[in-house]
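Here's a solo chain for you in C-alpha cells, the form predicted on its own.
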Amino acid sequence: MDPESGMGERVRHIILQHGRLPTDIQALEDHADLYQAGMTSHASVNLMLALEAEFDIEFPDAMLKRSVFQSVASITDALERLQVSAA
C-alpha cells in the first residue's frame, strides 16, 4: 500500500503520538529508519499496541520483529497484509 495514502497518514499520526521520536515524523521519508531517528524498543512496543488498537488487528508472533516497525512504509505494508489476510 502507498504510504502516502490515508493509512500512511494514520500510521504517521500514531508514530507521532507513541514513537517518542526526537525528530519530526513529517520530515522523515517513508523508508527512513525510525530506530535511527531515535525510536527505542520500548517505544516500538507502545507503537505496536497503538497500531493494533487503531486498526483493530493483532500482529502475529512472526511479525514481531524490528524490520516490521522500522519505517512508515514497512508498517503500512504489514498493516495491509494483515487486513488482506483478515478479509
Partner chain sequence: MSVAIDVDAGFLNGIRKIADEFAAVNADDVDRKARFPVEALDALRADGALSALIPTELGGGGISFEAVAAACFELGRRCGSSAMVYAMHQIQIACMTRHLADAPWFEAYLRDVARDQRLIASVTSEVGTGGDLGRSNAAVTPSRDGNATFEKQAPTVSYGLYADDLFTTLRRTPDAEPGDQVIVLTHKDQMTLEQTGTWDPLGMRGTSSPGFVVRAEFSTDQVLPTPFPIVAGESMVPVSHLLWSHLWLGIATDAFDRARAFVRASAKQRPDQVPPTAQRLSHLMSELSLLRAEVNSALRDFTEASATPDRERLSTMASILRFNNLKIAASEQAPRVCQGAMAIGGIVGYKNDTPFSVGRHLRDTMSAPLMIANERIHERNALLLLIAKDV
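Numbering follows the first chain given and starts at 1. All values derive from a computational prediction rather than experimental measurement.
Absent from the display: the form predicted in complex with its partner chain. The rest refers to it.
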Exercise: residue 62 in contact with its partner chain in the predicted complex, heavy atom 4.5 Å: yes
is_contact(residue 36, its partner chain) in the predicted complex, heavy atom dist at most 4.5 Å: yes
In the predicted complex, residue 54 touching its partner chain (heavy atom, 4.5 Å): no
Contact test in the predicted complex: residue 48 vs its partner chain, heavy atoms, 4.5 Å: yes
Full three-residue contact with its partner chain in the predicted complex, heavy atom 4.5 Å, for 10, 18 and 29: no
